[in-house]
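Next up: a single chain in structure tokens, the form predicted on its own.
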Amino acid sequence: MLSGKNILIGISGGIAAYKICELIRMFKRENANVRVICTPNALNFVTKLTLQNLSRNEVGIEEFEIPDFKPEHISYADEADIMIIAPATANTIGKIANGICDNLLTSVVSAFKKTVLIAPAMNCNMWQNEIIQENIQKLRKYGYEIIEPETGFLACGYQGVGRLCGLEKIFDRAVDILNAEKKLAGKKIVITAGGTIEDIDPVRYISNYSSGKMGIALADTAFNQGADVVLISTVDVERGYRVVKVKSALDMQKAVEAEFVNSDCVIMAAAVADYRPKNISARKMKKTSDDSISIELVKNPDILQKICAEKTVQTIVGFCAESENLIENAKEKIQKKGCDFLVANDISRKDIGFSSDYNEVTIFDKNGNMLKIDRSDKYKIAERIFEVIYGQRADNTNNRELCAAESR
């Protein structure tokens, strides 16, 4: 499965370091070439000799062991197809997030230009620390992929979120990335993400809880599959594809229309405000003695409906977030808007949707067929959405799945 692939595994100093021995074996069984870098503290939990025997390569530890006059942090970064850091301690995460390069592992990460998977593991209180979470969000913003820790009994005696995720999850995600076919090469795909912001005055605004994670997952997936991606986003994103930063619904409309004409596919994953204040105050509105105030709202343009009316050859995918009657509302919306596909998700659930890394969606096509995709991380959901849009499944079951799901 992984013949000819070069995998770089970074191990930092956490108790879960011993588990990575089995992860190395999993990759070796698939004929991958595995190299390992350890922080010095990682050797308190697993030996260098063990890692060398399993990987069949020298293990990097010291930053200035320079064979063949080639700086190690550059040679490791150049040779690998993917980098996995597991377990990633709070200390190592903080260093990477802030550009600190004080050991071989952190130096390699700073020079690595391909996908980096980070699998944190730590005490539950450390994981919930606001500084740690800020570092995690910072890494996500810059394109690092985080495989979140799981809930369970921790080595410190606590019960909570912090234990290293299952090795199969790390392995499967790495395989998906390494074997990603350029299925979307030659296609220009425009994706919107995040919740729009509608100003009331210089201080206040109307918005929603959208984090933009689903749209970003779609953009990352399309880019990995070879598409020319334009992400129109209300949240800050730095990626290898083009990102157009917008704020309001009118800003988003202008950006979408500028990219729409020569696009192959437009996916409207953003949560666009239905209304905006009619008048925006140039100064902060002061509190008065009145117990209530009124702000007159006017309807924002329906971007999805407008581009559906103007499309020629484009495939258009809409999103809808529902808190009740999901199927009925989604069927009504796809007919009203005229899009080719509609992705509906239930925002009343706390384990999916807004701000979560997970989602559960039902995809509708313009013929009224539907396909439910059970709860999964948003990157898996994104892959399935593209499979449905472009019929990418090797067994060509997508259309049959949609029809069969409707008949059930």
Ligand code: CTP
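For clarity, every value in this text was computed on a predicted model and none was experimentally measured. One rule holds for the numbers: they count along the sequence shown, beginning at 1.
As for the form predicted in complex with this ligand, it is not shown, yet the points below apply to it.
Asks: Indicate whether this ligand has at least one heavy atom within 4.5 Å of a heavy atom of residue 321 in the predicted complex.
Replies: Residue 321: yes, in contact with this ligand in the predicted complex.
Asks: So in the predicted complex, does any heavy atom of residue 188 sit within 4.5 Å of this ligand?
Replies: Judged by the heavy-atom cut-off of 4.5 Å, residue 188 is well away from this ligand in the predicted complex.
Asks: In the predicted complex, does residue 301 come within 4.5 Å of this ligand, counting heavy atoms only?
Replies: Looking in the predicted complex, residue contacts with this ligand include residue 301, since a heavy atom lies within 4.5 Å.
Asks: Taking the shortest heavy atom distance, is residue 273 within 4.5 Å of this ligand in the predicted complex?
Replies: Contact check for residue 273: yes, within 4.5 Å of this ligand in the predicted complex.
Asks: Since the partner isn't included here, can you check whether this ligand sits close to all of 268, 333 and 337 in the predicted complex (heavy atom within 4.5 Å for each)?
Replies: Yes, all three are in contact.
Asks: With this ligand left out here, work out from 138-146, 227-235, 287-295, 303-311 which stretch has heavy atoms within 4.5 Å of it in the predicted complex.
Replies: Heavy-atom contact with the partner occurs in 303-311.
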